[in-house]
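The data below hold one chain only, encoded as structure tokens and taken in the form predicted alone.
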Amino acid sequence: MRTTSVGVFKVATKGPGDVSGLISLIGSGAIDPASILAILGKTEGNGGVNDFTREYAVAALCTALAPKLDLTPHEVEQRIAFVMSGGTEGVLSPHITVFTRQQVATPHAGIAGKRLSIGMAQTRDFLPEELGRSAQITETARAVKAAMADAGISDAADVHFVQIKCPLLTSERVEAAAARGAKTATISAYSSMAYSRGASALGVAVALGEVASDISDDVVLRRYDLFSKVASTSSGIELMHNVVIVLGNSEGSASEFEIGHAVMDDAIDAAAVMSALKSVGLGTTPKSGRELVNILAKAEASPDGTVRGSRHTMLEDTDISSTRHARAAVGGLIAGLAGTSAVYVSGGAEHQGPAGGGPVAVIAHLP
């Protein structure tokens, strides 16, 4: 019996503090604020340690939703999973994607097969010295399994995208660890983003059986042959725990949406993007009535310095971060194939797909 209905709404933003589109949808009755489970966003910051557009966007959304839910902004942040990915380089357009979930007594007529389902979970807060290490991997794996259960998904094959917001190190956090006699994985705030993303992605891989469960600390950012095909992780300064959102398809969902995915082998893998589109009935010959809602993808500069044998300079550019180059390149590729620049492309794909590549998921609205 189908018991839940998941909705997906993509809303353009004029800036990281713009909540007008969401409030308009709430005012029109299109979105019941009590049903909002998660909000993913692309903000126009630099995507680095000091990208405060992420925190600004979350604060603006929590402040706007608080009176609608009769909660404080802090309580809103505890209730809803917010994942803001900074960086809209190239043609990428700032936007938010709002996911809702409601219980339903009678599903819409004609719904058959597995439909979009969403689940959420959180890890405990991490100590600075645990970031990028086995503790983060183990706790993330537990949270992924909890989020799958929350989504009503039991088969790992039905999981198509796992979005995680994870912490990073600051000088203050590194010093706090040192004061206790503990050593962090790195003392660089920027490098810590990669360590945290990588460990979180390996946690997804462990949970879904993509890799063995006995992963040691020295695997992170070294064994790039170990990865998840559906993990998407994004580091931020605004938290010390992992927020986990599982997106997949379930027989128990009465949603009007469906999700599918593919894995890009490199930054110019157009065939994988087309495969992801086709997996939900889109592509060159789309099924009648189906509409693209959003594409969610990861991007990174290949660590070996090449793309299909040709040298790239993304890792040697001291003016612009390689993650910014990668977002622009992959964002342009996906936008051109999808026909829209309002797509969610996150940089830094350590252990998220093969080295230099990354997962790409597509959400479609069914007739």
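These numbers were taken from a predicted model, which means no experiment stands behind them. When you see a residue number, it is the position in the sequence shown, counting from 1.
Another form, the form predicted together with another copy of the chain, is not on view; read the next lines as being about it.
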Option from 290-298, 240-248, 183-191, 119-127 whose residues, in the model of the complex, bring a heavy atom within 4.5 Å of another copy of the chain: 183-191
Residue 339, heavy atom within 4.5 angstroms of another copy of the chain in the model of the complex: yes
Distance check, residue 89 to another copy of the chain in the model of the complex, heavy atom within 4.5 Å: yes
4.5 Å heavy atom contact, residue 267 to another copy of the chain in the model of the complex: yes
Partner proximity in the model of the complex: residue 320 to another copy of the chain, non-hydrogen atom cutoff 4.5 Å: yes
The unique member of 221, 135, 71, 156 whose heavy atoms fall within 4.5 Å of another copy of the chain in the model of the complex: 221
Contacts with another copy of the chain in the model of the complex, stretch 52-68 (heavy atom within 4.5 Å): 52, 53, 55, 56, 59
